Structures are given as C-alpha cells and as structure tokens.
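So this first bit is one chain, no partners, the form predicted on its own, shown in structure tokens.
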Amino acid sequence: MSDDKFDVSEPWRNSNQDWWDWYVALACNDESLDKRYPYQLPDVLTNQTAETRTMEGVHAAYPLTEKDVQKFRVNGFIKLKNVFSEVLIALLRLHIQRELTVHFGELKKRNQKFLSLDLIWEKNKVIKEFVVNKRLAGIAAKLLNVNAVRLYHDNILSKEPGCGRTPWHYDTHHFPIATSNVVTAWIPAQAIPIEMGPLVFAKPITAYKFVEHLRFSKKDTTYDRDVKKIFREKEEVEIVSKPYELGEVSFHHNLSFHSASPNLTDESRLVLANTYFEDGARVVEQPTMVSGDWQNFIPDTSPGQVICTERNPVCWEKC
C-alpha cells in the first residue's frame, strides 16, 4: 500500500468548502441514506418577525457550575441547556439561512450534501454577536481554566438532507494551534433529533489514546472504520449520542473524539460552530492538509509565531 494514502504533510491548496467535500467522503456509512423522517420546525423559528427581535442576553454570563467544569474535564465535552433563548436562536437561524442562500442558492438547487461558510462574523453584524461572544467565550475559558481566549474561526455548517456521517476525529488533527487549551462551541439553529445528525462523542477525554497510533487515511474510509471498531471493543470507552434541545449548546475539547450521525430528515441541520483557544498560543511548527485553509483563519502568521491577529480577537478575559 502506497504511503501516499497516509501522507498529509502537503498544505491544503483549495477552499474550505472543498476541504469539507473531501473530508465527509472519508466517513463510512453502513446504513441507507435514503430514509426520510419528517421534521417540523417550531413556530418560533419560522416567524417572519424574527428580524425585529432583541439581542438582549446574547453576551450575558452563563451560570456555569463547578460540577459542569469537572464533567467537561473528565468527559472532554459538555452539553448545556438554555445557553441562548428560542428568540435568539430564531434570529441566528434567519441570518444563517440568508448567508447560505447568498453563497449556495435555495435549498432545492444545492448540489453538495455538506455546506460550510467561515469568517461570516466579519460580514454579518448579527452573526458577529454570536461569534465574538462573551457568553460562549466565557464558558470556554472557564472550562479550560484560562485567563483569556481568542477566536480561531467561526463556521456555519449545514448538513443537508441525505448527507451521511461525519467521520470520527479529534480537533487536534485539524487546528494548527500549539496548545491543548482549545474548545469548540457547537450551536444548533434548531433542535436536533437523533435522525437529524447530532454530534456523537466518545468519553472519557482520554479515549483518543486508544486510537492515536492509527494512521490517518486521506483517500478512503479506513481511518473512520478503524476508530469505530476500536471504540466498540474498548470497555473503557462510552459512545454518547443524544438529541439537542432548542437553545442547547455543546462544548468539546480539542482532544475529544467525536463524529456526527447522518441527516435523515427533510430539513437542513444548521449549526454555528465557533472555536476558541487560550490567548498566547502559537501556530504549530508543521501544519498539514488536515488543517485546511488555516492561513486564511490566522493571516500573516508563520508556524511557530504567537497568534494575535485582528481576525483572532480576544473574546473573553478575566477581569
């Protein structure tokens, strides 16, 4: 078998959307993707007056408990209810849909199964409030026990009807940031039942140690299948797959192994994912193609340099 299958040392030279098209193709799908479960959006998400709704509370501190923090540090992830109100989620969803339509056209005309938009916070003032966000970044900083966090980048993710699994991975593979103090806030823009494809986590956080010897394959589903097999065999690993309520947000550490189920509903699964990291971190010495378009997310910064660009603002710091 050629080593080229495993060589990811070359930089990624295409767009972030191209990266996602490649990446989701590396997931094994053992079940039919032709099933469809009807999904009914609640009225609060379809009400056309969402544009006029208030942003009140979007930056307010969240009542994170010490129990929450300890749970995160053991498991590598946590799901928190009522991080944002239904009204705020309705406003976020409205603007996510607008951005997707501008870039990809109406839902019925889209060809790709997984859509991605990044750095939208720089163009859309409403989405910026959900990205350069003290509430989310404050949770991330407290979970990590650090004094300040910066933004790596935002990512609007739309898993379209009929899109298959997202492969097993941990974000240490993807983020070219030389620290383990990295957290991604995953904000669904609707409730996510099992049939729509919620995130699936392997706990505890140390589950990655069982699979870190595996070589990542850039050409087929081997890596995803091997991780899945090992996790099934290890009694020490528990797979957690649960729905998300409206307003519920998950936070996962960059060492947390996770995947996502297929979207078998007739509605797009819309999510805003923001990644925050400890202020003072540097770019890793050797970014790879698995880091995607990282130079767009961390401009004018070379490997080994501290990350402190305007595109990576400090989103929360301890007073």
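Everything numeric here is computed off the predicted structure, so don't read it as measured data. A residue's number is simply how far along the shown sequence it sits, counting from 1.
Another form, the form predicted in complex with a small molecule, is not on view; read the next lines as being about it.
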| query | finding |
| --- | --- |
| Stretch from 127-135, 161-169, 84-92, 225-233 whose residues place a heavy atom within 4.5 Å of the small molecule in the model of the complex | 161-169 |
| In the model of the complex, the residue from 273, 45, 264, 290 that sits within 4.5 Å of the small molecule by heavy atoms | 273 |
| Partner-contacting position among 205, 100, 146, 157 - heavy atom within 4.5 Å of the small molecule in the model of the complex | 157 |
| Residue contact check: residue 184 to the small molecule in the model of the complex, 4.5 Å heavy atom | yes |
| 4.5 Å heavy atom contact, residue 199 and the small molecule in the model of the complex | yes |
| Residue 216: touches the small molecule in the model of the complex, heavy atom cutoff 4.5 angstroms | no |
| The small molecule contact in the model of the complex: residue 12, any heavy atom under 4.5 Å | no |
